[in-house]
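Quick setup: one chain, the form predicted on its own, written in structure tokens, and binding and motion questions come after.
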Amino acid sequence: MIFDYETLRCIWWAFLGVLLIGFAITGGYDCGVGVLLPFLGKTDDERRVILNASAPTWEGNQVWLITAGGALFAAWPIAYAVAFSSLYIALFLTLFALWLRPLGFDYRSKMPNQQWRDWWDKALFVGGFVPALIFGVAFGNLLKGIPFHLESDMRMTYLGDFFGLLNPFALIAGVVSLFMLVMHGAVFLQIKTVGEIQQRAKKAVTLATSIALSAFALAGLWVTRLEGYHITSTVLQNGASNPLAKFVKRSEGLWLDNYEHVPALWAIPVLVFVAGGLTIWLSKKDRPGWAFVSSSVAVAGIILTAGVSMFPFLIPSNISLNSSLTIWDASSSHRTLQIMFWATVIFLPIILTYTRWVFSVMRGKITVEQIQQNTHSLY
């Protein structure tokens, strides 16, 4: 074995973060475009321009989300089971909303009837809005803790309900997620469009970024008063996975522990505000390509801030503290992580190469004139 068990667990935590960030940056702008569709597209032709900007690439972008789910299942099967059981309704709503996207893209322009197209536009809005909001709500609930406990045989009992997930802090996290993706989608549309749509997208960049950064700051202040989690017993980082073989305490402000022990980590949330400010400035200076880079950095920084705050916890329990799942005690076996590591080393670069190639091929702008001339366009 090249890597020991502890190192592989850390590597897979990093891999999961890369996959989530990859989806937020690629699939995220798709969601943002869906949310912006009814607001930036004033006519049917303008909405077709917006759809043609993102529709050709959205399917490939979903690979990141599917791979992230697969990585969670393979690397931390207990965490996968707890997440998909406790967040079942929320995840089902997300999946249903994502189903609306291919249906909307494929069927919207099949009929010239305007009412038909308006309904599909609403479906595409839902397909962008719901996932963007729920992903943030899910992260907010992870920071608050999920009401579950484990039996000695690892059977999980969930004692919450769907509406309990819609607590104030989780909704603030949902607002952060929603508007960071709207920001990202608006920058993407500024790259891909011209004229009035581009100018509306530029204004949307400023508004969405301002709301995202304000909500992020509010969530950060809230976290200082939020009860965090800390392992009080000896951490067996190379030991066998057994979530119940540890003791956990919960206290106000403990989610800031990692930042206090490694002050350099404060650079991550600071980078979010710097990148967000640059996104607004670059957008106004009509440099949307660089604005897309800075908005990508802001999106990555927001996700990293949550991940670093929680490390090494994956899913904390707020009713049975010792049942909380961490990267050290909820992982697959050493051999499984090792085999998957090499599979990832082979296939992740392929995904990155494909994503880059698609962006390079589809880098042209979409105009209303092109849409009007191509009356048989799919979108």
Partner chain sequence: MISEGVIELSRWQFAVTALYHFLFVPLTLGLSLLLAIMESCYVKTGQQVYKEMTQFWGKLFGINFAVGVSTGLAMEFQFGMNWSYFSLYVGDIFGAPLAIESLVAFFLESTFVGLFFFGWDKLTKNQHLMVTWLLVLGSTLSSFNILIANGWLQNPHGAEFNYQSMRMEVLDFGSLLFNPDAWVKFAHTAAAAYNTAAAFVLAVSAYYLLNNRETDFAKHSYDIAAKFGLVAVLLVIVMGDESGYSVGKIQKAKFAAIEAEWHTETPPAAFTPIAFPNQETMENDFAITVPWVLGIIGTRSLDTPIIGLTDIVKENRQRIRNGIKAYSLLQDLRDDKHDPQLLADFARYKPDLGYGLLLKAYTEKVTDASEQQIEQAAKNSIPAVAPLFWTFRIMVGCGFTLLLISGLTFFYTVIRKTSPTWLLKLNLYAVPLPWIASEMGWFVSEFGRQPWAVANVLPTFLSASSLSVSQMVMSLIAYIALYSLFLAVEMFLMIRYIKQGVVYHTEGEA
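This structure is a prediction, so every number in the text was calculated from the model and none was measured. Numbering follows the first chain given and starts at 1.
Separately, the form predicted in complex with the partner chain exists; it is not shown, and the next lines address it.
Judged against the partner chain in the model of the complex with a 4.5 angstroms heavy atom cut-off, the residues Q199, Y259 and V270 are out of contact without exception. Using a 4.5 Å cutoff between non-hydrogen atoms, E252 does not count as a contact of the partner chain in the model of the complex.
Within this chain, I66 lines the site of the partner chain in the model of the complex, having a heavy atom no more than 4.5 Å away.
The closest non-hydrogen atom of D118 lies beyond 4.5 Å of the partner chain in the model of the complex. In the model of the complex, the partner chain sits beyond 4.5 Å of every heavy atom of K285. The contact residue chosen from M340, L321, I327, M310 relative to the partner chain in the model of the complex is M340, the criterion being a non-hydrogen atom within 4.5 angstroms. Figure note: of the listed segments 238 to 246, 178 to 186, 215 to 223, 126 to 134, the one touching the partner chain in the model of the complex, with heavy atoms no more than 4.5 Å away, is 238 to 246. Along 302 to 341, residues S331, S332, S333, R335, T336, I339, M340 each place a heavy atom within 4.5 Å of the partner chain in the model of the complex.
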